[in-house]
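Presented below, as structure tokens, is a lone chain in the form predicted alone.
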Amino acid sequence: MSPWRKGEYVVAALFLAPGLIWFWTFALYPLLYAFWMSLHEWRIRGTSEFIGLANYARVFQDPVNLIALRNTVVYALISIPGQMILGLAIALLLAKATRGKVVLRLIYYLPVICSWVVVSLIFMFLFNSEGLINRFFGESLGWVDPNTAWLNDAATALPVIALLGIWKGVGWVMIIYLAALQGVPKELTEAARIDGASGFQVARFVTIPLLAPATLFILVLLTIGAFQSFIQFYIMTGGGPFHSTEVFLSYMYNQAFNFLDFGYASAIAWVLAGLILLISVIQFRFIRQTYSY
């Protein structure tokens, strides 16, 4: 090997080293260590006992995990379609807008850059029994009981948190679709209009199919985000009432930091990771088969 070639490898290694060190230290090592913990009856003090896959068997036998799975799926089924439909609709409207594009994009994107803690507190203020929602829709319009405790009712707490997820995520979906719309060939949409297609037909049969890669990207990331939701659930309800808003990460957090059962919490985390991986693979295969062009 020539000295010049060796020098190139040394330079490449120097550039890669910080990223690799960060990845091994803060991503791969904690991941593997959590798997090691999941195989033990983990004790903070003293020697931990190796128990094999007992924590994983406990995950599948624990009824609260089944409730957390149901709540997570319901949250995903409400928030993901809501974000995607509204985000796509706003993107299509903004793509045709001639004035105020920048201001409207900023308004819709503002919730995305706000902290989950801040937006959760805002929604708690809006939906408490004396909040603006009860005052406006209850006392002024008479549409709901003005004393409704939205976040303390098992029937309404989860939909309210899903509504927060939609409101916060629409701006991000809009930005991705706006970027994807730049890549849709104008010749195709103009040809469809010349053939007599209406605006809805152009969007349905030309634009939306061409946005399939962006749709796949958004769907996979929103699904991962939905299954990793934690802050809004922990702040707004803490998993209650009666586990009606319990999700995987809130239950894992309680097991780890309230009951100090780190081995079981690590097993929940690994099962959740496997579930997200499985769903992502299914989504990739389904959409690729549906939109292959």
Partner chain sequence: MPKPFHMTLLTVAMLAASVGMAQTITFWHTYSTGSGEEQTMLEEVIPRFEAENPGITVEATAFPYQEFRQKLLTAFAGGVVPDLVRMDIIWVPEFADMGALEQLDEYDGFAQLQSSVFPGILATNFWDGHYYGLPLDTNTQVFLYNSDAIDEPPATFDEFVTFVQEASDPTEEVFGYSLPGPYAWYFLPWIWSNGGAVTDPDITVASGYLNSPATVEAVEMLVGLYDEGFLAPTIAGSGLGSWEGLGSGQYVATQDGPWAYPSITSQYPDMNFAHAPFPAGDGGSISVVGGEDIVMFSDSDDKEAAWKFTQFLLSPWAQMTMAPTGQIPVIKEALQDPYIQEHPFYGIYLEQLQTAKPRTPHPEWPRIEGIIQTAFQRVVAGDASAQEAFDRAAAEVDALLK
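Bear in mind that the values here come from a model prediction, so they are computed numbers and not experimental data. Numbering follows the first chain given and starts at 1.
One more form of this protein should be noted, the form predicted together with the partner chain, which is absent from this view; the next part is about it.
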Which of 168-176, 93-101, 122-130, 213-221 sits within 4.5 Å of the partner chain in the model of the complex, heavy atom basis: 122-130
Contact assignment for the partner chain in the model of the complex, among Ser198, Asn147, Ser115, Ser140, heavy atom within 4.5 Å: Asn147
In the model of the complex, which of the listed residues (Phe259, Trp36, Phe50, Tyr29) lies with a heavy atom within 4.5 Å of the partner chain? Phe259
Complete contact of Arg58, Phe242 and Gln255 with the partner chain in the model of the complex (any heavy atom, 4.5 Å): yes
Asn152 near the partner chain in the model of the complex, any heavy atom under 4.5 Å? yes
Mind listing which residues of 41-69 have a heavy atom within 4.5 Å of the partner chain in the model of the complex? Arg43, Ile44, Arg45, Arg58
